[in-house]
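What follows is one chain in structure tokens, specifically the form predicted on its own.
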């Protein structure tokens, strides 16, 4: 797939936080199950760039199974208090091991511990026992010295369509959409 055009990258630079900022925006990730039904959940945007948008998750999750069976995915990011919306449609592919390790190291201590403790076994426990498992793991491990668990995986969503929507208090809302057509990107202004 062709990388995003310069104009789209310039807009992303003005809309999204720099990849080095520790606070990461939340985004909605849509996948498709084996019956063709959509599924939606919230994930953190790890990084973005010319090739697409990265997120990381647990390898045993439903979203990973769905992306393995059908890499079609969509993302929605609500920005600037809901006055801007970024919608991305594309295909998911696994991130490399180096990128996954780097993303894990940059996550907050909470997210890094969560990657270790949030297992199916712990999820089935009553709340008091989940709290105890969380505390015990924190007492027994220095989270700053732990590498990512084997279940920590990343995905790159390579876009074939990126839509920038923005409200305007003095005019109708507006969409600027970039669509991959063959090896090049088209650009269209659309009603909001």
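Residue numbers count along the first chain shown, from 1. Nothing here was measured: the structure is a model prediction, and the numbers come from that model.
Just so it is clear, the following notes concern the form predicted in complex with a small molecule, a form of the same protein that is not shown.
Among heavy atoms of residue 50, none comes within 4.5 Å of the small molecule in the model of the complex.
The small molecule in the model of the complex comes within 4.5 Å of no heavy atom belonging to residue 37. In the model of the complex, at least one heavy atom of residue 58 sits within 4.5 Å of the small molecule. The shortest heavy atom separation between residue 42 and the small molecule in the model of the complex is within 4.5 Å. For a residue to qualify, one of its non-hydrogen atoms must sit within 4.5 Å of the small molecule in the model of the complex; none of 84, 158 and 189 qualifies. The stretch from 59-67, 132-140, 160-168, 119-127 that comes within 4.5 Å of the small molecule in the model of the complex, counting heavy atoms only, is 59-67.
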